[in-house]
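To begin, one chain is listed below as structure tokens, in the form predicted alone.
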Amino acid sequence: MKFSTRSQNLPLYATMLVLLALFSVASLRYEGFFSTRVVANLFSDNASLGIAAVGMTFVILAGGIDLSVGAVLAFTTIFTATLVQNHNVSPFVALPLALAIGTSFGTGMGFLIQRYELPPFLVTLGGMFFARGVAFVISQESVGITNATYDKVLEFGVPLGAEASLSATALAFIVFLIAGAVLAHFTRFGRNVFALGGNENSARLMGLPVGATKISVYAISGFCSALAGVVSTFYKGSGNPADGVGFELDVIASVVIGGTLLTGGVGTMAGTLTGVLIFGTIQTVLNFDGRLNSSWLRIAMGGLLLLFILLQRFLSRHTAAVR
């Protein structure tokens, strides 16, 4: 059962209130937290997570799931690093090739899910193992990147004040988020995605391109996962086949906390952004505090995830009762 139109924005509002409360409390508790530098770092440090979350939003909106995003990110990082560093391939060749492979991989999984009516969970789980395995076949160890093009990108930034600037990775996240929002909320394709997630049978009866839409959302997710891997190579300056373990869970949690309904049909890119920023804010609080380890990030995200799943369930039942 889906939310009523009036109830659809309640998870988004709740998420925004959580973000505002977290940031406000942290600003009062930690000196220097309330600053443009911290805000800029939230976008820079979580650019890979945010870009992958954009792709995952499309998949979940369509009623699916993609467990391969962390493995595709790892494959992309080591594939790109090996080409650029070990084989002297230009980044202008290596990066588009990595993105094309990621997109093709997502398209292949979408085709299997659509053509043979296979469960997305199992198909993307198999894709996760496959991509991770190929990443380790390419290299067993991390590969550092020393390249003039990478150096120039890392030096680029948009000043926000005397002590802060938006890095190239942060800008990539923002630009891609805006593009995702336009695609999801202001195009026919976006309307098809929402209709597919709302009720696949009804979408098919209305003559919507259900098959093409379903394949497309996984292609988008594959592209986003690969792009997240590319951004990671700039952020870390290396590629690693062991990167992204558990990354898919962080991505899914950020999307769901952002108000996207797990069964599809309801959600916004603004909510996804808010979910990513909540993740980043909690991580920043732990860094400022210095006494708590990263396990508390998992505890906090797990608690919020359960809370928002319960909220979604409550709103669904409320809508059913009203009807």
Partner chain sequence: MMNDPFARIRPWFSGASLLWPVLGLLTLLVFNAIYAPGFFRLELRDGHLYGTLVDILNQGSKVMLLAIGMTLIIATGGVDLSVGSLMAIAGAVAAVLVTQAALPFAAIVGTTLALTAIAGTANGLLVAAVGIQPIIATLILMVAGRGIAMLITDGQIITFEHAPLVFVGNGHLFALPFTVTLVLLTLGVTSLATRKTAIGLFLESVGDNEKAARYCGINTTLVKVVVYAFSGLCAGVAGLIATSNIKAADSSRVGEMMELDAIFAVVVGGTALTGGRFTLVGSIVGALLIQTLTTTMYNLGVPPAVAPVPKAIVIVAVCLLQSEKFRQQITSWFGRRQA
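Positions refer to the first chain, counted from 1. The structure displayed is predicted, hence computed values, not measured ones.
Quick note: we don't show the form predicted together with its partner chain, though the next part is all about it.
Peer 1: What is the one choice in Pro159, Pro209, Pro96, Gly133 with a heavy atom within 4.5 Å of its partner chain in the predicted complex?
Peer 2: None of the other options qualify; the answer is Gly133.
Peer 1: Only one of Leu154, Ile178, Val137, Ala100 gets a heavy atom within 4.5 Å of its partner chain in the predicted complex. Which one?
Peer 2: Of the listed residues, the single hit is Val137.
Peer 1: Even though its partner chain is not shown here, does it sit in the predicted complex so that Met56, Leu171 and Ile215 each have a heavy atom within 4.5 Å?
Peer 2: No residue of the spot touches its partner chain in the predicted complex.
Peer 1: Can you say which of 112-120, 226-234, 195-203, 181-189 gets within 4.5 Å of its partner chain in the predicted complex, counting heavy atoms only?
Peer 2: Partner-contacting stretch among the options: 112-120.
Peer 1: Val25: heavy atom within 4.5 Å of its partner chain in the predicted complex?
Peer 2: Taking the distances in the predicted complex, the answer for Val25 is no, it never comes within 4.5 Å of its partner chain.
Peer 1: Indicate whether its partner chain has at least one heavy atom within 4.5 Å of a heavy atom of Arg37 in the predicted complex.
Peer 2: Although its partner chain is absent here, Arg37 would stay clear of it in the predicted complex, with no heavy atoms inside 4.5 Å.
Peer 1: Going by a heavy atom distance of 4.5 Å, is Arg29 a contact of its partner chain in the predicted complex?
Peer 2: Arg29: no contact with its partner chain in the predicted complex.
Peer 1: Consider Leu83 of the chain shown here, and say whether it contacts its partner chain in the predicted complex, taking contact as heavy atoms within 4.5 Å.
Peer 2: Taking the distances in the predicted complex, the answer for Leu83 is no, it never comes within 4.5 Å of its partner chain.
Peer 1: For the stretch 300-314, return the residues whose heavy atoms include at least one within 4.5 Å of its partner chain in the predicted complex, in the order they occur.
Peer 2: Residues within 4.5 Å: Met301, Gly302, Leu305, Leu306, Ile309, Leu310, Arg313.
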